Each structure stands twice: as structure tokens, then as C-alpha cells.
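Below, in C-alpha cells: the form predicted alone, a single chain.
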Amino acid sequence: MLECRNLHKHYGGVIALKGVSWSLRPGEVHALCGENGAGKSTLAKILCGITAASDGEVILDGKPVKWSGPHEARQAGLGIILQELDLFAHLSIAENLALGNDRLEGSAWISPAVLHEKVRPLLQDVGLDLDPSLPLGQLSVSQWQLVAIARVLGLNAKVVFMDEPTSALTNDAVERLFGLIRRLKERGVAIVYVSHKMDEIFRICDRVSVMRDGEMIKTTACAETTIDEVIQQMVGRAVAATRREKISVTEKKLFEAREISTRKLGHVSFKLAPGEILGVAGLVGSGRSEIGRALFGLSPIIEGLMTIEGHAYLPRNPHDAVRHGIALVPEDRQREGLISGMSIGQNTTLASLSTYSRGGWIDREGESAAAAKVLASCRTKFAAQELPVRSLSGGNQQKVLIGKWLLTQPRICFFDDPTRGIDIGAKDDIYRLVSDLAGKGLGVIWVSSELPELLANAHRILVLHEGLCLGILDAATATQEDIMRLATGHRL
């Protein structure tokens, strides 16, 4: 149905693809794997007309094609769900679904009532029971992801590229997506499934192709390979499935929250010791991110008390939080973490710029040296600090975001799902980084949608349900079932 032959892509001196040849069959679910920066997203964007190849050819239904842009590819039946969602917060759900879709737009004049009726079946397909007139900016990251999936379904595509489609989804939403993929497959639609989640790949995919450093390493039927073999092909080395021993934690209190309430939290209490990694679990909408917003001065405290090393702490704003040694790595790096048009180096020093400026002038040499040091400690891959941060892969953008906050020299770090959409090798880098931070005595609060990740890395796990803390579990003895029981509102 679709293939490419000897594709090359370079950005200046950076080589993104090196002679990639690959093919897709009708009605198959084909996994595309590789570390961040391996070239997966670049390949998908070339095939869907978003980016032009430097050399090579694309063939659709036996005929060579050269897209003038993504609209032409969409008209030919190719749809893509990007990892960094290309949606518009200020527009309604229905308007986002209609953009670029000739079947929904119809003409220059669009009746909102008619449009809403047209998009409701698409929202139902992905399990979203929402008013189509709602502004997208009011939705959670998980709901944004489902809207993006619904938009591609509305194109009636015969090839659908899904770039990390489950990275922000809850378990029930993932199951709905898998059911949808099976229905599309029965209709002869081919799915290209880009993911780092090996269990998902081996559950729903027919074949798996592995990329590394811009090259296609191998394509194999899922039934003829194993997870360990795919991982080794991806990273070129063996990666441990679980974390090493955690450091011991003292009884000393670094931070304490006593019965704090915000608009989304109700009387939540917990303690954090120096060197402790406190995991936070819960379903989407449970209030996981709200804890970070409260610590960082983004959500006002209505009731309760917070203390740092025994001293009362009530941040007026994020600047006040940074001054007290709090760092927040947000869930959505595109909307809340990075400025895509600025350089890698500028993004890295943005939260600590006062350290490298005097009298309104920035010490560029000092700024660059500091950025280089912290980016190296985060194992960030980039060609030059002067390149825009948007030129990096998602995993390396995440490392820039983490480095940005580490330069503020925090005492407490709040990581909001930091490994979402990150490959296995990059995850291991972040696990080591967080472990090293804890080893230096920092307190870490770690929100994650992946329960095995919390059980392997955290000392204790705080479980939220609808803004309430239903329990704090010892990660050494807890199970995934224990966490899910609390997350769904059932006490142990």
C-alpha cells in the first residue's frame, strides 16, 4: 500500500534519515520503534507530506508520489496523529476537528449546529462525551489526545500514523483505542503505530520495524521476535527492565503538606524526606498535577498548611516558589515548559537567567557553559545550542526541560509524568538522573501514569481519587492492583 525507497533527510549538518527503505501492507498494524531521535517521526512526517525528503522516493498504491504539503497527502488518504499535538486551544472541539477536513468544512460558510452533529459520532468513537462547542483549552492532555485521534478518523483515511497515541491516555481510554484499531484493521485501513510501549506493540501489531540513528535496522513479524530482541536492536545494548537498589531515606522532614485544599484538592496530607522519591498515582482528573500547581504557586491554597524544613511556605507565584527551591517539570512541555522558537541553550537557562546577567546584559559565555554542563548531565543529544529547541526529538526536548529546572538548584523537584512519550533508553537516563538527585538529598515528587515505573523507582506512592488522598503505600510491598483499587475509590 505504501513504501519508501532510500529516503534521506538532513537539517543542515544534522542527518535525520540515512537511506531508509520500508513498506506497509493493507490492513496491517505496523509498529515503528526506536529511541528518541532515531528518525521515526521524521519518516512519518515525510510520508505524510509535512516534511520533504532530501532524497529518495515515496510510493503509494504502486505509484511514486511527491507531496506539495500535508493537505495533498490527506486527500490521498494519509492521516497522522502527531506526538506534539497540532491543535488550537482557543478554538472549540468541533472547530479543531473540522480544520483541514474538506468533508466537515464543506464550504466557506459553516453552521455550528450542523458541524456539531457531524463531529459527535467521531467523539463517540474515541469515548469522549463532551459538548463539541467547548474550547479545547479547557480539556486535559488526555482529552486533547483523544480529540487528535478523532480528527484523523474524520478524514476517512486508508493509512493512519499514530505517534505515541497512548502516551497521555488512561487504561480505559487505551482499551477503547485498541478496539478502534481492530475495527479499522477489519476495514482494510493500515495503521503505523509509533510507540515505546513494548507490551502494547506485541499485543496489537503484526510487524515491527526498528530504527536507530536515522537508519532502518530490521523489520520482523511480532510473532517471530521478542521484546528483549527489539529493545536491544533499538538501543544497541541491553537495558535493565527494573531499577537498581533505592537509597535509604531518613526520618527528617524536608517538606510537609497538612490538610491542604485547592479548587481540585481536598484536605491532602503528606511528608517528603530529603533523598526521598514520592510517587503520585491516580486516574486522569484525580488531582495529580494539582499537587504540583499548589507547590509552585499556580493554584491558590484555600485551606491547610505547607512547610519547608519546618518553616511555613505559602507561595504567592512561581517566582516565589523558585526562590524557595521548588522546581516544576510540567506534564505538557509544549504548552507549559519550553518556548519552541527559542534556542536549546536559551530554553535551558530561562528559569535561572538572573544568574548569568548583570545590569540587564547577559553573559553569553557563562550562560552557554552552564547550559552545556547541565545538558551533558541529562545526556541530551543535540548538534548545537543555537538550534531551536523544536528541532530536537521529544525525548531530548524533555531533557532540556529537566535541565532548565535543575539549573535553578532546587531542593524539591516535582516531575509531572516526565517519561511520557520517551523511549526506553531515554527513560533509563531519566531514572538514573532522578536517582542521582535523590542521592544528593533532594526531595522528588514523581507523577506517573505507568504504575510499574512508580513501583520500581519510588519509595512511597501517594494515591489520589477525585482530589482526595486515599492512601500512601510502601512501594516495596505494594502491587499494581493495590494502587488501582485506591485510584478507583476503593480503600484497601
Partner chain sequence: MNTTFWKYLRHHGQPFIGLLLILILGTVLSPHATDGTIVFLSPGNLTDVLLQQSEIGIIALAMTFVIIGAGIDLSVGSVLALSACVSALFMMVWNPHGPLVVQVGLAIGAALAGGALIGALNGLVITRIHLQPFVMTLATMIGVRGFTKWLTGNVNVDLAFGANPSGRFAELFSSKPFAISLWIGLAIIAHLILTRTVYGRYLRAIGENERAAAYTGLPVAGVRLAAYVGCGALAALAGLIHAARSHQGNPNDGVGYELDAIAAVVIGGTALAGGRGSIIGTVTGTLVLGLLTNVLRLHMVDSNLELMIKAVIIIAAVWLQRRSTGVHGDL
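Numbering follows the first chain given and starts at 1. Note that the structure is a prediction, hence the values are computed from the model and not measured.
What comes next is about the form predicted together with the partner chain, which does not appear here.
- Annotated contact segment (heavy atom within 4.5 Å of the partner chain in the predicted complex): 288-296, selected among 174-182, 274-282, 288-296, 157-165.
- For the options 328, 208, 192, 94, the residue carrying a heavy atom within 4.5 angstroms of the partner chain in the predicted complex is 328.
- Residue-level contacts in the predicted complex: of 350, 198, 308, 139, one residue has a heavy atom within 4.5 Å of the partner chain, and it is 350.
- Proximity of residue 88 to the partner chain in the predicted complex: non-hydrogen atoms within 4.5 Å are absent; the residue sits far from the partner.
- Though the partner is left out of this view, residue 337 does reach within 4.5 Å of the partner chain in the predicted complex, counting heavy atoms only.
- Residue contact check for residue 341: one or more of its heavy atoms lie within 4.5 Å of the partner chain in the predicted complex.
- Within 4.5 Å of any heavy atom of the partner chain in the predicted complex lies no heavy atom of residue 151.
- Proximity to the partner chain in the predicted complex holds for none of 270, 431 and 452, with the criterion being a heavy atom within 4.5 Å.
- In the predicted complex, not one residue of 439-471 has a heavy atom within 4.5 Å of the partner chain.
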